Structures are given as C-alpha cells and as structure tokens.
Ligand SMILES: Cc1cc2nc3c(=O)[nH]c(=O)nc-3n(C[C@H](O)[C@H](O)[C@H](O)COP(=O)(O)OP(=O)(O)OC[C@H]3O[C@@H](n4cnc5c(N)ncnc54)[C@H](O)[C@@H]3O)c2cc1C
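First, one chain by itself in structure tokens, the form predicted alone.
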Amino acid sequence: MAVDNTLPVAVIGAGPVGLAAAAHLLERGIEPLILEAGPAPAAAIEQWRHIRLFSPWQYNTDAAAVRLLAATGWEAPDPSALPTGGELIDQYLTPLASLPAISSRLHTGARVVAVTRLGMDKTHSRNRDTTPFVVRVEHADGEVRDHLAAAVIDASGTWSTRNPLGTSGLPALGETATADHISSTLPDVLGRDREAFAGRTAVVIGAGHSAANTLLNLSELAAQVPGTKIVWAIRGASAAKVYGGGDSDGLAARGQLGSWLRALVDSGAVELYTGFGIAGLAADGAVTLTSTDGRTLEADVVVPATGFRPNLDLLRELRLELDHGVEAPRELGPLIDPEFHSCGTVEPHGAKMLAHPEQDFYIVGMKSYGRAPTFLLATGYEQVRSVAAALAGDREAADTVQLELPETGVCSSDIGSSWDVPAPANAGFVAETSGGCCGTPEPVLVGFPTGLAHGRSGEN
C-alpha cells in the first residue's frame, strides 16, 4: 500500500544518499521534506573534502539524481576520474541540491531531534500504522517546530558520532577533559589544519583507511616541516590488515596505500605501537596517553581514526528492531558484520531487509550499517530506490534488488588524482603503478572514508 500523499515523506540528511532518496521519491510522485542539520547540503563531506575516493565518478552518482540533473543540461564529470570529497560536492551534490525540484523542498540548519507518532509514544499500538509521524526539528533561527510526515527516511549518517578512544565502547578516562588535544577524524593536515600539526607530535589512533590517509599526509608534512613527529597506535597485535596485499592487491591504489604505509613504518618515519588499547588521557601542556598495559605516549595532538556509530537518541520513541552487535536493522546486521564480511560480500538489499516494526520508517545509507564500517555509496543508492518504490506501493520493484559489489571493496584513499601517483616524499621507495602483476585496477564502488577496520575492538 502506498503512503498517504497528503503528507510529505521526511528525509533526514542531505548527503548523497538523502538527496538520492528525494530524487527517487519525486520520480514516484511523492513529496519529500528534506531536513539537513548542516548549513549546506553534504555538510559532513565538507569536513573531508580533501580526501580522494578510490572509485571513479561512474560509481558515485545515483541514477534518479542524474536524470534530474541531465534534464537541465548538466554535464557529468569524466566517468573514469577519481573525485575528492570536495569535487563530489562541487560537481554533483551542489548542482543537484540547487535544482528547483530539490531546493524548494530542502531545509538547511534543520536538526532533527526526535521522531515519533502523532499523539502517541512507542508504547501505544492501536491505529499506530495509520497515524502520521511527527518530526521535531531545531531550525537555524532557534525555533523548534514539529513537522507531520507520512513516512520517514533517516539518511543522517554517522559522521557526528565517532567511536570513543576507550577500549570498552566508552570514552577513555580523561578523554572528555582533553578534548582540546583531539582533532577531527580526518584532519586536513596539509591544508586547513596544517598549523595544528606542523612541527608537533601527532598520535594517530586506529587501524583503518582513515588512519592510513592521515599518516600518509602527515609524512608529507614532516618532509616539509622539521620537527613534525608521527606516532601510530593500534589496539591489535599487527598492522597487517591495514597494509593489505601490496603488489598482489587487485586494486592497485589500495595496494599502494598499504605499501607506502608499511615503508613509512619500516623506515622509522612513523613510529608504530601495537597492542596499545587506550585506558586514559591526561593533559599538562601536551597530552599523555596511557595504555591498558601501562605504557605511555606523549603527543601535542591526537587523531581519533576509530570509526563511527549511529545516533539513535532521536529515534527513541519509534519501534526499532536492531542487530544486537552492529546496531543495523536486524536482518541486515549478520550480513554486514565486518568480522565475517567485506564490502563486496554483502548481499544486495532493499526496503524489505531495512524494514522495522515501525511501518514506513527506514534507516538508509551509512547509518543503516550501524557500527559496521563497510558501507558503500552504491549500496545506499540502491537502498533508497527500493524504499521509494515500497512507499509508492510498488512492491515488485521494491523487492527486485540488483546490485553487484566487488569482493575487494574499500572505502577511500587520499592517494592523488590518478593511479599513477608518487610515493610520499620520505617513504624511501618507488611506487610502481604500471606493468607488474596486476595491470589496470578494477573500479571499486565506494562510500565514505570510514576505513575497513574501524570500530572493531580487536583491530583498532
């Protein structure tokens, strides 16, 4: 059954997946109400605009969104080029959000603080499925207003809720008090955040690709600014998972990333500390990090590349069914647990698998993966295509989910504008990108810079 068309469908978040959801709803004749907490669309990506994706443009755009853009004469970027986060915004997301069909329905500076049903909390069942949703929003003008919706699509992502540095899912002792010494997850160490790192000691925490990105950028900064010291601390006993397959990796860019990082560690340019689970932090000028086994590290700045988790507080009055471990929709959780699955081994899925006991409510995009780090952008686009079909009452289209993902899926890398890029200045080796065993790399569908091993208790 289609949703009530007298009310809009609330779309929380105006990132790539949220805007794609709006495009698919419009194609289905359903009115979207797009609510973006940031000052502009894709505000989260703006924080990592300096990061370059592994995948070419052809995999980073949504079909319905492209159809809207094409009708205006928009020229698609070179499908084989690798965009940065900034290019994704400037060349695709900003033009999409500026279309009258989208902009007239988009509210920025609109932070959703709660979702419920009109006149009932989660304990009430009678007539629940036919009762409109209430979406409570803090608007940029400071006013709090309630908006009625026939359905809700939560595409708000996880960027604003990173995992803490502590080993038990909680902030380490002293983590809050030393917040001034802790950077963002993906700092722009060669640009916007250069002053915070130049000539100083940085400790990067985490064993995912976000950590690798920052370590490589820091190595370039260290080559430019004497006195810049780089320390890498991971919870696991080995960094082998981050190094990857090197020359044998089917994705040359990912192989380069791991090979460069290994070379930096082997050369001493990056000091690696394994088995370093953080128990506490204390600041007295610099910050001291103490591990669970009593070792200590001194730093001027700490980079928390520890992954993300979903903010579920705004959904407290809804009836959700979540996987106990990764906090994804219950049926999806076992399929995306990173202890057992990579990006490419996740089965295609749509509205049916994303459904909750709360009818006509869906979590999509990165947030649908909960604490799992393997989300791919192409997955999100297929999710919202299916959800829009379900809300339109087209169950056949909703259940016909087709998506092929590569077995070697990865999330991001700041390795340059093409596959042929130089190694970091002080890596001490030459990166070979032509010839060799692997030839031309296969393209990889990509999502956000979450890293492949973020948030895992045994790996970070």
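Numbers follow the displayed sequence, beginning with 1. Just so you know, these numbers come straight off a predicted model, no measurement behind them.
The same protein also has a form predicted in complex with the ligand, omitted here; what follows describes it.
Name the residue from Leu281, Val112, Leu216, Val387 that puts a heavy atom within 4.5 Å of the ligand in the predicted bound form.
It is Val112 that has a heavy atom within 4.5 Å of the partner.
Among the candidate residues Ala305, Met366, Leu96, Leu257, which is the single one with a non-hydrogen atom no more than 4.5 Å from the ligand in the predicted bound form?
Selected residue: Met366.
Which one, 293 to 301, 369 to 377, 223 to 231, 176 to 184, holds residues whose non-hydrogen atoms are within 4.5 Å of the ligand in the predicted bound form?
Stretch with heavy atoms near the partner: 369 to 377.
Trp159 near the ligand in the predicted bound form, any heavy atom under 4.5 Å?
Within the cut-off, so yes.
Is Glu36 a contact residue for the ligand in the predicted bound form, using a 4.5 Å heavy atom cut-off?
Heavy-atom contact with the ligand at 4.5 Å: present for Glu36.
Heavy atoms within 4.5 Å of the ligand in the predicted bound form: does Ile45 have any?
Yes, Ile45 sits close enough to the ligand in the predicted bound form that at least one of its heavy atoms falls within 4.5 Å.
Does Leu391 reach the ligand in the predicted bound form if we count a contact as any heavy atom within 4.5 Å?
No, no contact at 4.5 Å.
Taking the ligand as it sits in the predicted bound form, which residues of 44 to 82 have a non-hydrogen atom within 4.5 Å of it? Please list them.
Contacts from 44 to 82: Ala44, Ile45, Trp48, Ile51, Leu53, Phe54, Ser55, Asn60.
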